[in-house]
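Heads up, the chain below is alone and in the form predicted alone; it's given as structure tokens.
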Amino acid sequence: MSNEWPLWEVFIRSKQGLDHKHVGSLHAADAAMAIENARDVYTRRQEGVSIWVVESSKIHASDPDQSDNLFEPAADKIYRHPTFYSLPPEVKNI
């Protein structure tokens, strides 16, 4: 059994942003420690308003070599593209 702490992926939402962006990784004993360490390491200039941490072992990703097969079905659904819709000026952040 390894004595190494698990690896956590860190996502920060900035004051100007609406989404969380991956900023790096760190090792921590648990989620609470990962959030505290992420705050100390990745928000030194107080630019963040929210932190997400995810244990790296819990992330499942698609295979880049299979991207054609994975994303091909979406290509025939042109109605999903925003070019078919007009938004009123009051709608923001889309």
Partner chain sequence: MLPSLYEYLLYLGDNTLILGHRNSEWCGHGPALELDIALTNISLDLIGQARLYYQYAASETAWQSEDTIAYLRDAHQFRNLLLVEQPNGDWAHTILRQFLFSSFQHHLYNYLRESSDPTIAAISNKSYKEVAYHLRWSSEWVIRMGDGTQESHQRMLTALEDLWMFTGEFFLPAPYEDQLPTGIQPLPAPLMQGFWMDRIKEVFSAAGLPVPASPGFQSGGKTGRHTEYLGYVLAEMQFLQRAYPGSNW
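Residue numbers count along the first chain shown, from 1. Source: prediction; values computed, not measured.
This protein has a second form, the form predicted in complex with its partner chain, left out of what is shown; the following refers to that one.
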Heavy atom of residue 41 within 4.5 Å of its partner chain in the predicted complex: yes
Heavy atom of residue 54 within 4.5 Å of its partner chain in the predicted complex: no
Partner proximity in the predicted complex: residue 47 to its partner chain, non-hydrogen atom cutoff 4.5 Å: no
Candidate spot 61, 67 and 71, all three touching its partner chain in the predicted complex (heavy atom, 4.5 Å): no
